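Here we start with a single chain on its own, the form predicted alone, put down as structure tokens.
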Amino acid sequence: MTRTPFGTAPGGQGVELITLTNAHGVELRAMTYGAIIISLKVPDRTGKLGDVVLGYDSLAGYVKSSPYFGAVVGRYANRIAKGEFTLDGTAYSLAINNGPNALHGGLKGFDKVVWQAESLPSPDGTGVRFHYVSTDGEEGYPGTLDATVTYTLTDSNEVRISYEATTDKPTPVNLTQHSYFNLAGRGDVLEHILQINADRIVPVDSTLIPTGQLMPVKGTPFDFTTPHAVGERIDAADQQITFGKGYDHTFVLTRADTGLVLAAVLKDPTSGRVLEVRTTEPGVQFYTGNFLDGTLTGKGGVVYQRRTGLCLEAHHFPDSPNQPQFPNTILRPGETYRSRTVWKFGVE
């Protein structure tokens, strides 16, 4: 692990760039601003390393305008309806930053703060632990939340992501990693082949808030229980596709217990790269970069057009604080929030 200066955040805090490298030359670079993964270089079928995540070359891009490229998002990932929820009889109001709703923690969520970083040696790789304390009332959320996120790069070409948090008041917590993947390293992701271990999704209304029901995927464009090209049905005449402007939905993972389960397998036929996602979370948000529109210029001067990256965000369901039938997202004093996700890279 190496650490180098990477600019100054808007509040005047210095930002560091952390570089992790494994025995095979796989390289992960993350910075203390937003605990953002800014690059991830993995081999193709010929052994050539290529960067498979979207982002910027410098801190300035992330500060100016970023659709959560590579960031840890929280205190609550995804949307909360109208930025409101009631907890133990008390009503709370959050910042509205996505149409009529709150998204990804608010105006200054975990993606826009500076985390503290420390090296975390691992017997099978190298790691970095990021730490941030979110104060009581920050972005409208109750309780002081003490959060850590750990990235471990193993010699088996895995990126292990572990989250922990504690609180002094009951509060919603839902953390995730928001990297945009493009396993080809260029172009769009429509030819990527995807399989998702889910036979239901969380359907949404026109503002992308859950209806409260769970919808079977069989017979719909959301059936990825067998492999399909991402672009095969992305513009289908389907109300949910219309609402999301493509895929922007939580898939309900099929699982027998609360441990790590295979959530998704993503393949790029051109490079041969394969990504397997495993998680302890109940869902994964499949998002196809529908709101990228060519106005952002990323690493190496590449203009990010629509669908040049996709996200597989492992997390709890959107709007869970207002949907008591959904898995619980309320963390209480004396409890520890724990979540794990693993990205395993290979080739075929």
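Sequential numbering from 1, following the sequence displayed. These figures come from a predicted structure and were not determined experimentally.
Just so you know, the form predicted in complex with a small molecule exists too; it's not on screen, but the next bit is about it.
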R278, heavy atom within 4.5 angstroms of the small molecule in the predicted complex: no
Contact of Y180 with the small molecule in the predicted complex (heavy atom, 4.5 Å): yes
Interface membership of T171, the small molecule in the predicted complex, 4.5 Å heavy atom rule: no
Partner proximity in the predicted complex: Y68 to the small molecule, non-hydrogen atom cutoff 4.5 Å: yes
Heavy atom contact within 4.5 Å of the small molecule in the predicted complex, the stretch among 198-206, 114-122, 100-108, 215-223: 100-108
The single option of D188, E139, D248, E158 touching the small molecule in the predicted complex, heavy atom within 4.5 Å: D248
Listed residue that, although the small molecule is not shown, lies within 4.5 Å of it in the predicted complex (heavy atoms), from T308, Q285, Q323, S39: Q285
